[in-house]
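Take a look at this single chain in structure tokens; it is the form predicted on its own.
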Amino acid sequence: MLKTILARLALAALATASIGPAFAQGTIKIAYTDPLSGPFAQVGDANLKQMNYILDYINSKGGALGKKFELVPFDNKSQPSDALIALKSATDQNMPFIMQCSGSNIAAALIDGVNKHNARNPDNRIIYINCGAVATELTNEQCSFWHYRFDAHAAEKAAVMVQALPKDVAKVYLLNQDYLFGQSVQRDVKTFLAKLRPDVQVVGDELIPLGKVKDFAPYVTKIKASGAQALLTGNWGPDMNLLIKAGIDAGVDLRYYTMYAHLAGGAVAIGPGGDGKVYSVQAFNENIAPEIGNAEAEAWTKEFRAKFPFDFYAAGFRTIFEFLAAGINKAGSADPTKVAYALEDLKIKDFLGFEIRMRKDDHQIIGPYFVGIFKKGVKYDSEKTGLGWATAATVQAKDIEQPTTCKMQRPKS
């Protein structure tokens, strides 16, 4: 009798082990680390709210293999060291995924940390889901089998930004944050200006300390004195909002070409003085659905707006969780190695109906992007300002895709 009981317990333990740590815990846990305090907390908090809203929907549809997703937040205070502490906590708890959006310097540290952990611990691997750290290097020379990027990289966004410049713009000013991402934007914008718009003169080019500038008036004075007709910037968070606010308040005759003016707090900072002057490269804005006649996506927007005082701009986050669910279902397991292989070259349709592909060569997402213009007269305004984002241009996936230099090393499946 005792032998029978012990045998049954052993079989139960074996069965539990075979379905992986995420299933053994009852939910599929995703560690999420971003700034939830400090100067960039508004972006991290808005991301977290949108992710949980999306996961409620994904879970209501059955999650993955009948298991619900659970997001576990960790505040990294915009510091790579704190992100690595979050990674250690996630691996200690056998979480199969860690997700991070803000800060390419943090992304670089996570890629290195995940690579080292997975090499040392083949029975406790973890996948890094990158939802917004877009330095071009991360899916080129720093690419990793364990890293999946679900946002267009800086060079792709730079190409879209440059293509959106009208023919009457002859002088531009570049201002970016002085860290891996900002340096990538600085380099990539100049590359595509030379390639696509050799007629455009760069009359100013500066890097600023990340999150340290409180008064952008001196920068605006220099931009005005340069004769620039347009400012091109990858700034985000307060470095974006305070910059545009300073320019609008000073009444400078300038157009702003950005990558992140549409994030939380951007509309309020821009205000009515920015009508028709601010552009942003984006994966989604709330007016795209009615513009293309997608009733389902528009209903999603209305439901989100009824619950939150800021825009739903994170359609890309919904794509991430739908990809994860599809990858886990395809793999038949939440085991990170099996899911990583299942995600390669996986294609799904996002909730706008566009096909999105995860490129196998470098684990870079490929899909369409938009250039939004901040203006009056849109169906859905932003942050109760009376102005919102309308689509000024659409760039198809085939036109945004760029070659990669990634030389990926894959583990045995």
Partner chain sequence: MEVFLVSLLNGLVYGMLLFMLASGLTLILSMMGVLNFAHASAYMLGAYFAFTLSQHIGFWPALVIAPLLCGLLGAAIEMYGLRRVHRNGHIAELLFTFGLALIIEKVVQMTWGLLPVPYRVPAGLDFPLFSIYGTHFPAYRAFMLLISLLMFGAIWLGLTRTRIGLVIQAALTHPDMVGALGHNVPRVFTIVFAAGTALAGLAGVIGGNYQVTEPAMAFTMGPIVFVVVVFGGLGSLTGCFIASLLMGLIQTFAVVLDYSPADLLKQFGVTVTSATPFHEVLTVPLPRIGALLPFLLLVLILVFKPRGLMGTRDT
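The term rigid core refers to the maximal set of C-alpha atoms that superpose within 1.5 Å between the two forms. Since we're looking at a predicted model, the values are computed, not measured. Positions refer to the first chain, counted from 1.
The same protein also has a form predicted together with its partner chain, omitted here; what follows describes it.
- Exactly one listed residue, out of 276, 293, 122, 272, brings a non-hydrogen atom to within 4.5 Å of its partner chain in the model of the complex: 272.
- Checked against its partner chain in the model of the complex, the candidates 198, 209, 332, 166 yield a single residue with a heavy atom inside 4.5 Å, and that residue is 209.
- Relative to its partner chain in the model of the complex, residues 128, 188 and 353 are all farther than 4.5 Å at every heavy atom.
- Under a 4.5 angstroms non-hydrogen atom cutoff, its partner chain in the model of the complex lacks residue 303 among its neighbouring residues.
- In the model of the complex, its partner chain lies within 4.5 Å of some heavy atom of residue 241.
- Heavy atoms of residue 42 reach within 4.5 Å of its partner chain in the model of the complex, making it an interface residue.
- The shortest heavy atom separation between residue 298 and its partner chain in the model of the complex exceeds 4.5 Å.
- Picking from 215 to 223, 254 to 262, 143 to 151, 322 to 330 the stretch near its partner chain in the model of the complex, with a 4.5 Å limit on heavy atoms, gives 215 to 223.
- Taking its partner chain as positioned in the model of the complex, the residues of 173 to 201 that bring a heavy atom within 4.5 Å of it are, in sequence order, 178, 183.
- After superposing the rigid core, the C-alpha of residue 368 moves by less than 2 Å between the shown form and the other one.
- Core-superposed comparison between the shown form and the other one: the C-alpha position of residue 237 differs by no less than 2 Å.
- When two forms of a protein are overlaid on their rigid core, residues whose CA moves 2 Å or more are considered shifted, and residue 226 is one of them between the shown form and the other one.
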